[in-house]
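Single chain ahead, written as structure tokens, the form predicted on its own.
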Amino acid sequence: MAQQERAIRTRRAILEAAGAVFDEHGYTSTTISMVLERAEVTKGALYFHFPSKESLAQAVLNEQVPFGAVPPQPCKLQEIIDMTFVVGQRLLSNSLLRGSVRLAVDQETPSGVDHGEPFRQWAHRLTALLEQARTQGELLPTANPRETVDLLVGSFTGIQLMSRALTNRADLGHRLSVLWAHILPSIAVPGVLIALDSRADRGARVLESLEVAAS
């Protein structure tokens, strides 16, 4: 059991180190040696978990969606809003998430790495929540869940890239608030719309509540 726990910790350390290096240097410029140095593990330990640089990059990509985990909300539109703000907040400091996001948009990532997988995972998760929102009467009749999700995921991707380039993501919360201010009136029924919280500090407040609950 102790050996298994040690292996889990080692794998996580490698993933976090890889995320940081991929974020800083991109796929092409990242080397296994750079990850080994950052993770402070042996080459054998790394290759035990990840047989290649491509498999390591894929593992980093596959870690992205869990960072959007938030407490369930009775209103599913609020839950979706919270997911976007929590990801935005975590992008400020989490190197693994930052590396995953960079790999997802890195055009130099080789064909052996499926950098579209996070987009498909986000689409699946968010569409399911929007379908619940529709069932609960939160959406306007004209709102199409899958099309709305495609717009949301694509917009979030572009906004965080712009925010990263201009302010190192310092204004990402504000930009997400503006995004929701434009999207919500076109999909939410008026009675739900007025109760939704999409203020710029929503991510920080949700994470703070998670920390309090865990303590």
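The shown structure was predicted, so the numbers you read here are calculated from the model rather than taken from an experiment. One-based numbering along the sequence shown.
As for the form predicted together with another copy of the chain, it is not shown, yet the points below apply to it.
- Another copy of the chain in the model of the complex is not approached by Leu92, whose heavy atoms all lie more than 4.5 angstroms from it.
- A residue is said to contact a partner when one of its heavy atoms sits within 4.5 Å of a partner heavy atom; Ala181 meets this definition for another copy of the chain in the model of the complex.
- Though the partner is left out of this view, Ser155 does reach within 4.5 Å of another copy of the chain in the model of the complex, counting heavy atoms only.
- Remark: Glu16 does not count among the residues lining another copy of the chain in the model of the complex, judged by a heavy atom distance of 4.5 Å or less.
- Remark: none of the three candidate residues (Glu79, Thr127 and Ala170) comes within 4.5 Å of another copy of the chain in the model of the complex, counting heavy atoms only.
- The candidate stretches are 45 to 53, 63 to 71, 159 to 167, 31 to 39, and the one lying within 4.5 Å of another copy of the chain in the model of the complex by heavy atoms is 159 to 167.
- Of the listed positions (Val87, Leu96, Leu139, Ala104), a single one reaches within 4.5 angstroms of another copy of the chain by any non-hydrogen atom in the model of the complex, namely Ala104.
- Residues Ile183, Pro185, Ser186, Ile187 are the ones in 183 to 215 with at least one heavy atom within 4.5 Å of another copy of the chain in the model of the complex, listed in sequence order.
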